[in-house]
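Here we start with a single chain on its own, the form predicted on its own, put down as structure tokens.
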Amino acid sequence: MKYVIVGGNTGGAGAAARLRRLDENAQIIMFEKGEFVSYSNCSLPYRLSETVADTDDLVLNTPQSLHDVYNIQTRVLSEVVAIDRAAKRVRVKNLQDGSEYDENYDKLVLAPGANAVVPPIKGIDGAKIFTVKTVDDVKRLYAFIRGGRVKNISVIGGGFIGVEVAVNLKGAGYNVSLVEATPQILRTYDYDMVQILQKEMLDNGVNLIVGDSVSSFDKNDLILSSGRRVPGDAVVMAIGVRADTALAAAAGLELNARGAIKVDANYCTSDPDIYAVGDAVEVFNAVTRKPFMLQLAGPAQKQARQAADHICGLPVRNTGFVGSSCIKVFSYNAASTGLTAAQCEQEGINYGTAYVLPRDRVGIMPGSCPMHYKVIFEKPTGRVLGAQAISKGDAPKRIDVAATLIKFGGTADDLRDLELCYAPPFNSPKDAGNYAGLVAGNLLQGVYKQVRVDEVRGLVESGGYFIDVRPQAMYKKGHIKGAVNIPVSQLRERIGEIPKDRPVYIHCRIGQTSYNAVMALQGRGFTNVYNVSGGFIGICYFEYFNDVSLKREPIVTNYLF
């Protein structure tokens, strides 16, 4: 058998290695149009801050090492320009000398990945534009910023690459502006959660601009739709990627409406002798039960293995994907899995949310810090649909747990009951996920009512009645404007001060003591009391970035972080 693979990074190299393990006698040829194969593309931004000390460190395998270990013929700077399905051969162009030749195949695996999007914005030809998609891209950008008088760098796009590039350039000592056209960065997080990360960007000196797009360039300066000018010496374009499927389209393979290659459960395309994996394909969403596009390295590796297994006659069990990811934004670690609340709304799913803010370990332990944790669950079943965690502690671990639960169809009760490792330096007896499961279960059962942090401003501005149950000394340090301070220790003796003829919104520091207050008041006959999820700390994190960037009137007397 002769296997030909188009694309030499995550999906392509993974398929080639698996095919060799399953078939020692096969001929395997892998074509890559770039100079490098099998590199850590997720680590590319970290070269800019020299967290990755040398560009060569990004390369995991070379053509020689792939030949020596796997007996794979790897041809770099070789672009497959056409597929002749009837003859089962590909046309290859040697990018070094321009010559072309044909290579036949028994089975073909397409792993072309995706290309960075660089739109034709007015004036772009006069700007120093860079992308961060390949090792070559990073080599070029690194050489430019280190070799010239570069101080100000603009990054366009607030997805994973844009944020990681901005963070690493700032860590390297440059003045960095990040411009995102939508109202927030990192759409894998809900608007309430992402405010924590936007505040962190602001606190670390990144000029973060959201809700404003680039309308033109004046050399390396950005001119935004608002008329604002962002000066710069270089521009990194990170607005997204587009599946590289021109080859598949020209060959007549079936694509979806967004141009991704359609594959079956075995990653076989509409041609039974051609498979496709990675960023260029459409996969199955295990939560929505619908096809979607997921451009992540972990899923690409799994797809590559399953495609190779099917080619070699092994059974494949495709369980779909939920979309788990994480990112480091300066001192914060953030992770998400499954659906966001925004995606649930788009899908028309009846959902609820629980936001908790416990410590990531026992509070008296060194390094203990808050864990912002949000779970999204289906109503009325309680099925966990998604989760997000942000902390200076180990947020990805918590989301790994949630991702596992989602993959197996778990509910809020399952999340509540998970028995997780505990010792004071690592966790609390009730993990953040356990807390979120408890809260979600209470909300599903109608035990109490809540308002979210993103609802508080509107309630304050409309004259809502807030009770702050924190101690008086903490209240004096900072509180919601207009809130009445009734410490929980005085609640029962001052119950006559609390109105029964209007909604009452009760908060504490993080939402736990106020929950106790709500339950106590409900036990005294109150039916109009609401707990503020996330408490005063959650409110401060949600409000801060917009207060500063929009120069608006705060609803708190002082922020407490």
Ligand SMILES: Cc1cc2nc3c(=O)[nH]c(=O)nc-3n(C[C@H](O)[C@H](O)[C@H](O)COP(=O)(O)OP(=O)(O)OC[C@H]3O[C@@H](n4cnc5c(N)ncnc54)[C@H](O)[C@@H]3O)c2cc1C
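Numbers for residues come from their place in the sequence shown, where the first is 1. Being a predicted model, the structure only gives us computed values, none of them experimental.
Omitted here: the form predicted together with the ligand. The next part is about that form.
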Subject >> Residue (of 85, 407, 128, 133) lying close to the ligand in the model of the complex, criterion heavy atoms within 4.5 Å >> reply: 133
Subject >> Listed residue (217, 321, 466, 160) with a non-hydrogen atom within 4.5 angstroms of the ligand in the model of the complex >> reply: 160
**OP:** Using a 4.5 Å heavy atom cut-off, state whether residue 6 contacts the ligand in the model of the complex.
**Re:** yes
**OP:** Could you confirm whether residue 41 comes within 4.5 Å of the ligand in the model of the complex, counting heavy atoms only?
**Re:** yes
Original post:
Taking heavy atoms and a 4.5 Å cut-off, does residue 297 contact the ligand in the model of the complex?
Top reply: yes
Subject >> Any non-hydrogen atom of residue 113 within 4.5 angstroms of the ligand in the model of the complex >> reply: yes
Subject >> Which of 166-174, 376-384, 118-126, 72-80 lines the interface with the ligand in the model of the complex (heavy atom within 4.5 Å) >> reply: 72-80
**OP:** Could you tell me if all three of 190, 338 and 396 have a heavy atom no more than 4.5 Å from the ligand in the model of the complex?
**Re:** no
Original post:
Across 31-48, which residues bring a heavy atom to within 4.5 Å of the ligand in the model of the complex?
Top reply: 31, 32, 33, 34, 39, 41, 42, 44, 45
